[in-house]
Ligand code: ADP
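To begin, one chain is listed below as structure tokens, in the form predicted alone.
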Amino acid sequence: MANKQPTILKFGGTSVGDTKAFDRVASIILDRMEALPVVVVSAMSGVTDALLGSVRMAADGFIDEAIRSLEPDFERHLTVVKNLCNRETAEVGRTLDDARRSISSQLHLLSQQPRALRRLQDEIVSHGERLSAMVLTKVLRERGLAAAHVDARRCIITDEEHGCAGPLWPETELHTKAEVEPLLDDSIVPVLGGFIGATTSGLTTTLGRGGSDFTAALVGAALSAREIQIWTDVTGVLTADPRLVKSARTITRLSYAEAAELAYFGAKVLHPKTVHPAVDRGIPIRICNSRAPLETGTIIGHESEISPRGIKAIAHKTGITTLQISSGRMLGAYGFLRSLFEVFERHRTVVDVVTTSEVSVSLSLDNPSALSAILNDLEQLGTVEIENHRAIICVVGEGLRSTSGIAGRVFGTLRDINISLISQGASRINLTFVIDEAHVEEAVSRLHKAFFEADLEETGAGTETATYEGTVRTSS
């Protein structure tokens, strides 16, 4: 594929939610044929949740109900093809019958082999992306495009961590080139299901929720793409969650670092893992709106504009649990923090925000599934206090490096809301803190008004009256 740089077009579940959505996506691809498109598609909206629901039902012994629960989603796929295609409807019907039989067999196995739940769940859930890619391929062919469904399990080669597999890069690059480049050389549009991969022995794996973005980035890196486009239902990355702030606006340009921080701390339009393969190859990422394809959206790359406000966006993440571990053994000792974080490593639990004092460490978790076991281990190190129903707020922008007074303005704006676990990232482009979950909407709305809606010359009154707990530290 000499001198050919494709463009990766990834479409999320809401972009392929029904007949009209598939029709829009086909038009977007048709309009971008000169860009040499490689398409990555998620499952139709709601299908992954339905498949996971069937797994839970089967695990509880309700196998027949689990199988019946999926019938409306099978019909949704067939309806799209009937509405948009004059040909191949019978073939799609046969493919759906094969999927029914396969899922039914796997659900029966799951009820008999509960220890194989994660492996079988990956196999079952993968049908969402596989069927979506198959349907989109048929729709594109109906439009007169040469298109081929490429099974992503032949491209994305992973470890054996079912449910959240990690890609094996050399193998993924080699297999992706082998599967996709010959199609591009023949002017055929490859269509892959996102989110799914396979081990070296051929077992189906998944990359974790939101992993279709990751698939797009991996495919883009393997093919040295000119651009990775993430098509969703909003126009780019916004200054705040539009569900909380109606006046949120599109950010024209972000650096990779800004985008990674926003994705990690709650911005929903980009999966946190997406940025890394793109950074490694210097590939721009564009966030686009499939319902408004002529809008510019947000471009993410090495360069970024520094906002006169100092910050670019406000992200938030709810459902946070905070822990405070206090121990006199920390005072003047070494090795304590290593012992502390080895606990989280053992239980495969990610820590978000960390602050320290001389005799205590406070940190936040967004996945408390292993909390009981974690607490048992932590109590060997010191006294543990726990707080539930917390939320992380993160203000992000390259301007934090060089603009004075931002922290004062942030905390002054929230002067009557208690703030804890204040942390400034090592890159110095984010300021992160924790508040009670009940105050999230009020806090985000106030910050957005102060930084994006108010007169830029105004300053927050009472900036020194904000209350907070802990010590500001630099997190790694």
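Since we're looking at a predicted model, the values are computed, not measured. Position 1 is the first residue in the sequence shown; the rest follow in order.
Beyond the structure shown, there is the form predicted together with adenosine-5'-diphosphate (ADP), which is absent from this document and is the topic of what follows.
Highlighted residues D233, L238 and R243: every one comes within 4.5 Å of adenosine-5'-diphosphate (ADP) in the predicted complex, counting any heavy atom. By the criterion of a heavy atom within 4.5 Å, A147 is excluded from the residues contacting adenosine-5'-diphosphate (ADP) in the predicted complex. A267 belongs to the set of residues with a heavy atom inside 4.5 Å of adenosine-5'-diphosphate (ADP) in the predicted complex.
Stretch-level contact analysis of 225-233, 137-145, 322-330, 170-178 against adenosine-5'-diphosphate (ADP) in the predicted complex, using heavy atoms and a 4.5 Å limit, identifies 225-233. Residues K10, G12, G13, T14 of 9-39 are found to place at least one heavy atom within 4.5 Å of adenosine-5'-diphosphate (ADP) in the predicted complex.
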